[in-house]
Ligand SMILES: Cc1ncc(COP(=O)(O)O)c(C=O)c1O
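Here we start with a single chain on its own, the form predicted on its own, put down as structure tokens.
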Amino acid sequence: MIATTRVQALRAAEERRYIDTHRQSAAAAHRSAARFLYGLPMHWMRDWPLPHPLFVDDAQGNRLRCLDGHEYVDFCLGDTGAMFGHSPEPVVRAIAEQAAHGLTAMLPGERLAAVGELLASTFGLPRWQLALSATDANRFVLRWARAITGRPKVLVFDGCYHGTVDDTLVDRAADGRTIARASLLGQVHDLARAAVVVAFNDLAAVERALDAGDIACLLAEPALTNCGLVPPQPGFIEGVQAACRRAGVLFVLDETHTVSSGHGGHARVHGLDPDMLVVGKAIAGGLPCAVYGFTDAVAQRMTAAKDAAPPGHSGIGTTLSANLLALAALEANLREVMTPAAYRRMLAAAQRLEQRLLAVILETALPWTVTRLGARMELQFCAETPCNAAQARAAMDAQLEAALQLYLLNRGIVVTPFHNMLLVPPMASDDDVDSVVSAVRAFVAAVSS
């Protein structure tokens, strides 16, 4: 049994230990505070449960080194952006070579056709466009979907993650209504006018929403990843795909996180057939880049909609999208880094970590579980894997999560600050796996009554 008083005492002790051993990071935070909001370049970086930020000096493979010289085994990997390891050599080489010949020109480079072939062979869709981030890609996909269907709304799942697209920043109220997330800043428009939200793994709710006839597309992660990991129940995603086909609704998958499932992403591994597909974050080795693919049939409808529109800005695309540097990094990553062999190593190490963490749970008789999606997994504070966002949220314990995250970091292990997700890269060794398991076992002993 976990003792709350022990968790609180342990966290306090770990905070003192962190402060004592990270004085250079503290000094860097102090210097930054005068010019940056919260002393950070992006306010999300406050989400780490640390007394002050950890400043990075170097990141290579699955290792980080901070300003104080401490080395860490990294299972966060930039919250997926460096999923295949930091600074993969083929990507670094491609960036350096292209940088000498131009960074951006709002014109294509010779490698464009080769990148298209790599995308098609990896993910199975024939037509592609590029963006700077998955947020942009999702935003553009929604514009295209509404343009070609003539319908105004998007259907999403409670607890979904699609970047910072307004239409998807919605929650499901207790009475089933679609409402804007309470945490949103500066929100003035009623998001329920353009979005409908239903519970994940509830196929009947999906079908009822589609029956209204006003849904342009269903935008979904194949598994929820941002509210605690929630995998699809057997047959659910396949049922959603079939329901979309019957309703004439575009079936769109956002694989920005679920690309951890295997080579080609969750859709390719599980034989799904989306109309459109989005992948961001890790797709170009950590360089800002995202892609969205679509079928030939959808491409024809997109072309018709664009050709029928008056001249002027479509609201789709940005000046730096598909820049020469991003194309170079994307080609190198797809060809030499994001390979079937890399996935085999990732999945094998992730499976070993999952099994060993489950063994710790079994030997300590804790009502916890481990939920894994390919190379991605989470230690969840519930006896069974959640089947929707409400169950995943109910299993969270902010104090326990923060104490565990800080405890691991003080022992040279970095996991995400968001519900302690672990991502296993291709170079993760048995020793790296063992270090996590040993630390989790020691943490449990320290906080148990």
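Please read these numbers as outputs of a predicted model, since none were measured by experiment. Residue numbers here begin at 1 and follow the sequence given.
The same protein also has a form predicted together with the ligand, omitted here; what follows describes it.
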Please tell me which of G124, G262, G317, G163 lies within 4.5 Å of the ligand in the predicted bound form, judged by heavy atoms.
G163
Given that the ligand is left out here, which of D214, D79, E89, D171 has a heavy atom within 4.5 Å of it in the predicted bound form?
D79
Going by heavy atoms within 4.5 Å, which of 126-134, 267-275, 150-158, 291-299 lines up against the ligand in the predicted bound form?
126-134
Consider R372 of the chain shown here, and say whether it contacts the ligand in the predicted bound form, taking contact as heavy atoms within 4.5 Å.
no
Do K281 and the ligand come within 4.5 Å of each other in the predicted bound form, heavy atoms counted?
yes
Give a yes/no on whether D74 approaches the ligand to within 4.5 Å in the predicted bound form, heavy atoms considered.
no
Taking the shortest heavy atom distance, is T364 within 4.5 Å of the ligand in the predicted bound form?
no
Between 205-231 and the ligand in the predicted bound form, list the residues on our side with a heavy atom within 4.5 Å.
E221, N226
